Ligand SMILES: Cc1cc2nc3c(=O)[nH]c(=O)nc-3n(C[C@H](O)[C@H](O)[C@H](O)COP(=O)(O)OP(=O)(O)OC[C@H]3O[C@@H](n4cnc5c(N)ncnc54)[C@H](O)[C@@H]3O)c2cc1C
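Read the single chain below, which is given as structure tokens and is the form predicted alone.
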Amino acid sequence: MVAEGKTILIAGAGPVGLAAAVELTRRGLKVRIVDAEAGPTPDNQSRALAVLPTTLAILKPSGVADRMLAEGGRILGADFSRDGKPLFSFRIKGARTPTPFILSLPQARTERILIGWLEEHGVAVEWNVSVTEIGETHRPTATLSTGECLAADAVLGCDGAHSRVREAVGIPWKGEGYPGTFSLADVRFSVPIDAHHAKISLRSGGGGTALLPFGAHEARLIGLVDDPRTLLDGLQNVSGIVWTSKFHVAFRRAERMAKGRVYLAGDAAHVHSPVGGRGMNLGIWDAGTIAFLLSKGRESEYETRRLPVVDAVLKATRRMTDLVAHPPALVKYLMPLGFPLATRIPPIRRRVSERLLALDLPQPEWLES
């Protein structure tokens, strides 16, 4: 149980750390949140774009979800093509959730919504401040880059894949890298695009490009290519490129997600490919879970609740990434006919829809509490 008057220190003010601060604050717990950067994600960098229904359910009681829904777009399905030729369209339908869509909202906007909520509740992010050391983990003390030594009731490491918190408490990082390079580009269009449907362009030899809209004139392009500029090949009506990035991915996780009263969440605890849009969402589910457990004095349950879900997501995203990068011949043969026919059957369509929305994963029993 959190000791009365004690502070919970959150390292990292990305979406995961900010969501943890919101959830802890609304439950009446005192937090401090620090981040080594000078401020939130720049406005022109979309980064994590997809917000899934479970994330919205976690952020609903605070009112944050309603603010996100007011600003984001709704992706209701996807149109598939291969080598430039249309294959089929899939529409999300039958999913058992009040929000049966992928909310398309750039990470920069998500962060600012969370920061705005925290400021309204008297919590300010301490920018340009990082955790440098962690003392004894059962009664943790944290040394900050300012020189301050803080006695905390708990420490949440939400400070990314190169987590200083994880390193400071000696939790091993295990897993492996993945061959190939992902590239992304945020682009503007001179004419309106379909803001409610993604475009998935596959190549017979493997790989492809996804277009994810976040407005009538803007979209994210992402694919397994070495140069972001090649994502624009054959794309019409592009009026500008807002931001590009390329990166390698890995499938790794922390050997543990807790040590004493030090807890890991988000990329500090697990990383995987962007296929399926699970990354930020999985981290916010971590954040909501530890906030609930700390408020109920049940924080010892955190690892046993989260690690099976993390392992399931890593396994599924690895499988999906392999399928995109190196599709088996049978899949290439069946996709144009078999998938459209199968998904006309309501139970199959619902199952596919719920898998796309990550509703096939165990849902937190504490939602709405």
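Model, not experiment: these values are computed from the prediction. Residue positions are given as counts along the sequence shown, with the first one as 1.
Form predicted in complex with the named molecule: not shown, discussed below.
**Message:** If the cut-off is 4.5 angstroms on heavy atoms, which of these, Ala36, Met335, Ala312, Ala342, is the one near the named molecule in the predicted bound form?
**Reply:** Of the listed residues, the single hit is Ala36.
**Item:** Contact residue in the predicted bound form, chosen from Leu29, Ala48, Val324, Leu69 - any heavy atom within 4.5 Å of the named molecule
**Value:** The residue from Leu29, Ala48, Val324, Leu69 that makes the contact is Ala48.
**Request:** Answer with yes or no whether Leu24 is in contact with the named molecule in the predicted bound form, where contact means some heavy atom within 4.5 Å.
**Result:** Close contact is absent here: in the predicted bound form, Leu24 is far from the named molecule, nothing within 4.5 Å, heavy atoms only.
**Request:** Classify Cys158 as contacting or not contacting the named molecule in the predicted bound form by the rule of any non-hydrogen atom within 4.5 angstroms, answering yes or no.
**Result:** So Cys158 counts as contacting the named molecule.
**Prompt:** Contact between Arg278 and the named molecule in the predicted bound form at 4.5 Å, heavy atoms?
**Reply:** Contact with the named molecule, yes.
**Message:** Ala13 versus the named molecule, in the predicted bound form: is there a non-hydrogen atom within 4.5 Å?
**Reply:** Within the cut-off, so yes.
**Message:** Given the stretches 316-324, 40-48, 61-69, 302-310, which is the single one in contact with the named molecule in the predicted bound form, using a heavy atom cutoff of 4.5 Å?
**Reply:** Only one stretch passes the 4.5 Å heavy-atom test: 40-48.
**Residues within stretch 214-231 having a non-hydrogen atom within 4.5 Å of the named molecule in the predicted bound form** = Residue within 4.5 Å: Arg220, and no other.
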